[in-house]
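Below, in structure tokens: the form predicted alone, a single chain.
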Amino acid sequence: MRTYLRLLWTFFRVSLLGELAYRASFWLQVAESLIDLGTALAFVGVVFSYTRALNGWSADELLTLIGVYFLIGGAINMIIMPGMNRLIEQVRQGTLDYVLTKPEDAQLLASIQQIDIWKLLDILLGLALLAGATLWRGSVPGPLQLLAFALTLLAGTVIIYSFVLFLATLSFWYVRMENILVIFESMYEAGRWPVNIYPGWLRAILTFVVPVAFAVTVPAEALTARLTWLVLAGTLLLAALALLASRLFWRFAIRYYSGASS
């Protein structure tokens, strides 16, 4: 674990030094994040001007869910997506050799090789929204709620990481997989609403095909005391299986990689 954290810190520091050369990017990210946040809050305001609950979710609970959406979305766009997009590009150009020949785990290096540090703003906005929702609700979550929230948040991130890694690994056989990642990003935006407000077929897709529900709705349910122990256990089990499956698929796929020097 110390090795993983050391590598993550090293890539973060390198990315930070690179981004500081283009400080205008920071302000562009601030504008993008605030517009995204303002849009989300405006929709919530419009909805709750007509009703007091959205399929059982009150306004403060929905604010909690949006906070989780920004928190997980920030982590995805900060670490997971940049690394996976670069992995696809390296496979297509045959330059993945530089990753595979290094004396560290290739999957780890491919996953964290590029970090978009300005997406850290979305993570901070998510934390601020969670704090605001807690103050609005007027009750602090208990230790078990916080533990369940931490576990489901970690499990949701692992599930999303495993899913995106699986898609990116398909680039060993298919080109233009970045288009699939763009579709995933579009479907993730559906996570800013509870999945139980969608029709059954769409709810099934957002739960079992594109696992947005496990990344956003389930952690929000944990923080608002709506989560059952059965769902918690199922989420943790699914995260472990998804991580194992993506690892095995990665190890299988790199056998078919042909570098530019092959």
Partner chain sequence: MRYLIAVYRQQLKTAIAEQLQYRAALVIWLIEVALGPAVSISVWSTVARNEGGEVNGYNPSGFAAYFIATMLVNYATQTWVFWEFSRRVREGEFSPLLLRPLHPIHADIAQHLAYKILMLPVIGLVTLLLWLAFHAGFTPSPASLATFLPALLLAFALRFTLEWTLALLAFWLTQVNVINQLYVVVVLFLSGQLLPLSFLPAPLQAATAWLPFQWMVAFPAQLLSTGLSAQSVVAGFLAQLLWLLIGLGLLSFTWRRGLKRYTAVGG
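Everything numeric here is computed off the predicted structure, so don't read it as measured data. Residue numbers count along the first chain shown, from 1.
Below: the form predicted in complex with the partner chain, not depicted.
Could you spot which one of Ala204, Ala225, Ile197, Leu237 gets a heavy atom to within 4.5 Å of the partner chain in the predicted complex? Only one listed residue qualifies here, and that residue is Ile197.
Of the options Ser186, Thr101, Gln93, Ser139, which one has a non-hydrogen atom that comes within 4.5 Å of the partner chain in the predicted complex? Of the listed residues, the single hit is Ser186.
Counting only non-hydrogen atoms, which stretch in 229-237, 47-55, 63-71, 216-224 is within 4.5 Å of the partner chain in the predicted complex? Of the options given, it is 47-55.
4.5 Å heavy atom contact with the partner chain in the predicted complex for all of Ala31, Ile35 and Phe43: Yes: Ala31, Ile35 and Phe43 each sit within 4.5 Å of the partner chain in the predicted complex.
Hey, in the predicted complex, does Val182 get a heavy atom within 4.5 angstroms of the partner chain? Val182 belongs to the contact set for the partner chain.
Report yes if any heavy atom of Ala190 sits within 4.5 Å of a heavy atom of the partner chain in the predicted complex; otherwise report no. Yes, Ala190 sits close enough to the partner chain in the predicted complex that at least one of its heavy atoms falls within 4.5 Å.
For a quick check, can you give me the residues of 99-126 that have a heavy atom within 4.5 Å of the partner chain in the predicted complex? Residues within 4.5 Å: none.
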